[in-house]
Each structure stands twice: as structure tokens, then as C-alpha cells.
Ligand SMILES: Cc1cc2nc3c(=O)[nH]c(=O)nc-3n(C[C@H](O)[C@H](O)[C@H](O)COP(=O)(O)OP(=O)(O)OC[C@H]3O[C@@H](n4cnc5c(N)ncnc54)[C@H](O)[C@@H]3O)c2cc1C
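Next up: a single chain in C-alpha cells, the form predicted alone.
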Amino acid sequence: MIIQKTDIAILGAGASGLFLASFLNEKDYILIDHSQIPLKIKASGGGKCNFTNEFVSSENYIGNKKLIAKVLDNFSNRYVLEFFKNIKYKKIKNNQYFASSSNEIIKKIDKKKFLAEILSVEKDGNFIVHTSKGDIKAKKVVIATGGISYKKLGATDIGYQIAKYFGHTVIALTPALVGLSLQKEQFWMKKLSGVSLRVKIKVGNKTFFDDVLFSHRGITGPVILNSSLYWKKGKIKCDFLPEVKIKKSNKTISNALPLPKRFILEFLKAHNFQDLPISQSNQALKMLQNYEFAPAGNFGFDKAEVTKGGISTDELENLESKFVKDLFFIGEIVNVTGELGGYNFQWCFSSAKYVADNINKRNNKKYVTDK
């Protein structure tokens, strides 16, 4: 039974869905979600939402670089900062922009929602969106349902199901920006739960310099989360002494190096090194600077900040389905994944604005914010 008709049905009221609605006439769309509060925005950045970065380019993402660059150029980080100019925010670690509270981000973009569970979508002339509260007829559908990480925040796979129904390929979904578990040879790191230090990690052709945090499950922290985006299988290389100038000394290595003593002692013990004067510890120092290991895996979707993979961009033209006219995909559900540091929210905002521009042009209407 059709309970409502609309021009545009936006499926998902997270960052991308809400931002898209900000550039549409309220009379033209219905925003459908099962949750009143965009929980992922609320929880992000420790409750302060790192919503973009000072430096953003396609090189900060995995995916179709040409498409990413085009979408970012259309609505860059500068435009994001301009959009949020009336909220309190500041640039902190690693050039990320954080709001004083994620609630300010939500308040700026929050819109009226049709609260219902999205069940399926079909097309017979117009689209029919089946929900737990009835069917909605729409001329256009925008899928903004996000990834499947953090199910406790309401994540579902409904967007992928809908995409497959319409013939789209979903590139393998894997956890990303997530901690890494360890092989038996690295279990010594588990004894360091709570210890953190700055390291340089090389994974593939990417190099990251930031904090690693040891935990009882394995290793995490910003440098590991970023590394997890590019790590598939095999070894990664870690330099535990990236900024240390080693001076000859009679002090033992555990006292001479500006690293947590607990870390040094566990490292020495695990690799059968004695705590000798630093001048006699060349082999240990060499290993600390060129430590290679292969992670066992990762902490899984429940601990992942984002989902890597998604709707194949080869089957999209300007984020619109090549198979079904007026079917669009934006945000995390697309096979585009950014590094840690505000890049994924930037993609959500940029892809939403890109599709809003296309829809407004097609409808020959001005943006709501231009009125």
C-alpha cells in the first residue's frame, strides 16, 4: 500500500543522507531511516566529529582516483569548512578539523525523518520503497545507508542488498581503519597493553608516522588504523625509532633510548637480546629500526571505523547507476574509502553535494541554501 509519494527518496540519514537533504527542497524528498539520531556522527572523533582535514586529495583514498578527484573538486574541504562556519571547530592533531561537539554537526544538518526500517526497493516505472510502515513511491532514489561496521550504531547491509537487486556488483566488504591482531611471534606486544609510542610504518607503497597503541587484542592506534586500510596480507615494516638520534653511550639500551622502558625490556626478552650498553647493541637497534612482521588479521567489523569495498564505481556514472536511471549511491556504500583523519566524512559530504547538484540540475531548481 502506497502511503506517500515523493520526487526523491533518500535511504539513510547518516552524514551523506543528511547532507544531501541540506541542498534539496524539503518538499521534494523524504528521508528514511530506522534511527532518529545519526549515531555514527555522534560517536565519531570521541564525540567531537573530525569532519574534514586541512589537506585532502584523491591520494588519501582507495578507489577510482579520477572519480574521487572530480567529486572532491566539486565540493572541497574549503567548502565543507564554509558550510560549517557558524559552528565551533578547530584544527588539531594531523591537520584534522574537529567540532567542539558532534552535536553541533548534527544540529547543522539534521532534517525531519520518516522513521521506519527499509525493507527493499523495486522499480515499475517509479521506484517503490518498501518500509516497515508502508510503501513509498519515488521518482528518484538515493542510497545513503553506509557500510556495515559498528552494527551497535545501527549499521545494516540493506543498501548492498538493494544494489545487488538492481544488478550492481558489490566489491568485497572488509573492515578498515581497524586494529590488527598478531601472530604468535608478536604475542610479546600483548604484554604491553596500554603502552603507546610514535612509530613509522610502511605498508605497500604507503608510509605513516603516528602513534601505535598496544592492547591485549593486538595493536591499534592511529598509525595502525591507517595501515589497516592498505594492508591485505604479508608483512609490514615498522621503525620504532623514527625520530631518535642514537648516540654512543655506556648506558644500557633500556635506559639510553627515549622509549617506554617496559616496551624495550619486552622487546629484548622476546628476541633474546641482553640489556647491554647501547654501544654494544647494534643488532637490537637494527631490528628496532627495521622490524618486520605479518599481522594475523584484524579486529573485525565491530571495531572497524569504516567498511572498505562497496558498490563498484565502474557501474556508476557521476554516482548514478548505469543500469537504472535515477538511482544514485553516495557516501560509504560506494567503493571509496578514505584514510583516518576526517577523510571519510569529507567523502560523504562531497559525494552528497555532487549528487544534489546533479538532481537539482535535472529538476532545474536552485539549491535550498541559495534561496
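In case it trips you up, residue 1 is the first one in the sequence shown, and so on. This is a predicted model, so every value here is computed, not measured.
Below: the form predicted together with this ligand, not depicted.
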item: Segment that reaches this ligand in the predicted complex - one of 316 to 324, 63 to 71, 23 to 31, 38 to 46, heavy atoms within 4.5 Å; value: 38 to 46
item: In the predicted complex, Glu117 touching this ligand (heavy atom, 4.5 Å); value: yes
item: 4.5 Å heavy atom contact, Asn255 and this ligand in the predicted complex; value: no
item: This ligand contact at Ser16 in the predicted complex, heavy atom, 4.5 Å; value: yes
item: Distance check, Ser249 to this ligand in the predicted complex, heavy atom within 4.5 Å; value: no
item: Residues in 150 to 169 with any heavy atom within 4.5 Å of this ligand in the predicted complex; value: Tyr150, Leu153, Gly154, Thr156, Ile158
